[in-house]
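So this first bit is one chain, no partners, the form predicted alone, shown in structure tokens.
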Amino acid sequence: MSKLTESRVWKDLNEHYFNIKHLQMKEIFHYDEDRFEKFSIKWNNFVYDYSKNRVNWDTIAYFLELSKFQRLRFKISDMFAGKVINVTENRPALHTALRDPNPVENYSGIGFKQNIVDTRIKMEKVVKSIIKGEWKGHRNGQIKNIVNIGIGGSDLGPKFICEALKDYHTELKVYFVSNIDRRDINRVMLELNPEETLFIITSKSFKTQETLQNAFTAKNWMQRSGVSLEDMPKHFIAVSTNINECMNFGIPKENIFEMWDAIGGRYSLWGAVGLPIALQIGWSNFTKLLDGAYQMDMHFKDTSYESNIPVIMAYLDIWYANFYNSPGKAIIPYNNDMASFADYLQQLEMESNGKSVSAKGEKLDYKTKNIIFGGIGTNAQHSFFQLIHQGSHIIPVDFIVFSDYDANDNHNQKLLANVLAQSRALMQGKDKQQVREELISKGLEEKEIETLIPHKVFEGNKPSSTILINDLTPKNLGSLIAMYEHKTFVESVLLGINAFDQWGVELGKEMADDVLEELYNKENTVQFDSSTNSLINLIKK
């Protein structure tokens, strides 16, 4: 057994689970009219309601003990102080410095604090130049289209935010290309005029296979359209740590924006990786996005755990994954512009905490991350919510709703009614007696009633949390994203893993190079397993 599962606090949590596992939330609400006030947190423009969860104050108290056992307070302090917390790569994790208004003062222990400020100044200058039409293409035309070429953290975060904040758009049109499937970039280029298009090539190493292939395709497209090599810099910007490779590609140093090893891709949208965001929503709104994240940083850093939203969120995820054996967690925003949020969180949470060994390299005997999935309400209600309501698994849900209430908007009223009803239905359920009375009122015969009852019973007692935000603005969205970032970090600390490496991503990349070599080779492939060899040879034929 691991040190964690052998600890007194883990055993206390396990015993506590057996004592309350049959707790019925609807009964608690019946007897405790103040449960919402006790199990909700109000902060800035947010209300985090976790009252519809299978927890009581003892649950929170045991997790507070787990936080002490795993030295959470010191780990949070270490992260904000710029100390090495990514132990397998010997790096700090400094994404919070990117949105700090005074990184030079607050991150005195890191070597590139001035670089963060300089990059921010350079970003502002370039963004304003492009938006104002001062940055010209090779025929002295105005840039109207931005194409971001990247994958993973260089794509998912910026793409999601650009979609979510489309109401704040400038005159520029921003496109995203990530897939190495040629259809992805071809479909984008079909819509564009090369003279009016600027490509942002975002790759930390500038060696990522998918990104480089798409970048060379874009470059060749430009050349075929009559852009000379000398004029190519007017249409290309790079964001990378590998300055030399960017320059070898043909992008001059003044068009290269710096990334840093201490900031992982999935945490990088707050810096130069966020260029497409700033170009779509404007520099002023981009700074509001950063400010919202910074405000959440301060809440996370300075607030006691029992009133700390990211900390409580982490407690709940660990509670359900490890004690209720929950295989998944559903993220359901009730705003159509938030459709890609679950995609973004899948990388943030599962790439960070999808581990089976501790930060010290020990094999784990507990779960580190349940499967993140989701969709937008109300669409999700008509697809996988059947599983959440009546399936055999416990799937906790985060409902995210923006309360820009308009009494005269039927769409808005029905949207809000649905999200509130879903969380209540998951908690309340419907018992046999209720079903029987309902069917009798419809005039069904007894035999048909008995047949239907088992299929129409809802056990209820299904957990959910509701995140109520007053409006979808850049500042509020920044706070929301930072909230999930910090929740992910807290989970990693309490479970003793490293949230900032992603070695599991690398193996497939390495093997792809070997397979690629064989696909270029016209001879019969024999060097791999029989399945891979046969598939390669069939493809060649």
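We number the residues from 1 along the sequence you see. If you're wondering where the values come from, they're calculated on a predicted model, not measured in any experiment.
The following text describes the form predicted together with 6-O-phosphono-beta-D-fructofuranose, which does not appear among the structures shown.
Heavy atoms within 4.5 Å of 6-O-phosphono-beta-D-fructofuranose in the model of the complex: does residue 398 have any? Residue-level check for residue 398: no, no contact with 6-O-phosphono-beta-D-fructofuranose.
How about residue 153: is it within 4.5 Å of 6-O-phosphono-beta-D-fructofuranose in the model of the complex, going by heavy atoms? Taking the distances in the model of the complex, the answer for residue 153 is yes, it comes within 4.5 Å of 6-O-phosphono-beta-D-fructofuranose.
Touches 6-O-phosphono-beta-D-fructofuranose in the model of the complex: residue 208 (any heavy atom, 4.5 Å): Yes, residue 208 is a contact residue.
Taking 6-O-phosphono-beta-D-fructofuranose as it sits in the model of the complex, is residue 310 in contact with it (heavy atom to heavy atom, 4.5 Å or less)? Output for residue 310 is no: heavy atoms all beyond 4.5 Å of 6-O-phosphono-beta-D-fructofuranose.
May I ask you to choose, among 462, 204, 235, 369, the residue with a heavy atom within 4.5 Å of 6-O-phosphono-beta-D-fructofuranose in the model of the complex? Contact check passes for 204.
Only one of 333, 265, 274, 103 comes within 4.5 Å of 6-O-phosphono-beta-D-fructofuranose in the model of the complex by heavy atoms, so just point that one out. Going through each option in turn, the one that passes is 265.
Which one, 265 to 273, 282 to 290, 414 to 422, 168 to 176, holds residues whose non-hydrogen atoms are within 4.5 Å of 6-O-phosphono-beta-D-fructofuranose in the model of the complex? Only one stretch qualifies here: 265 to 273.
Give a yes or no on whether each residue among 297, 301 and 488 has a heavy atom within 4.5 Å of 6-O-phosphono-beta-D-fructofuranose in the model of the complex. No: none of 297, 301 and 488 comes within 4.5 Å of 6-O-phosphono-beta-D-fructofuranose in the model of the complex.
Pull the contact list for 500 to 519: residues with a heavy atom within 4.5 Å of 6-O-phosphono-beta-D-fructofuranose in the model of the complex, in sequence order. Stretch hits, in order: 502, 505, 509.
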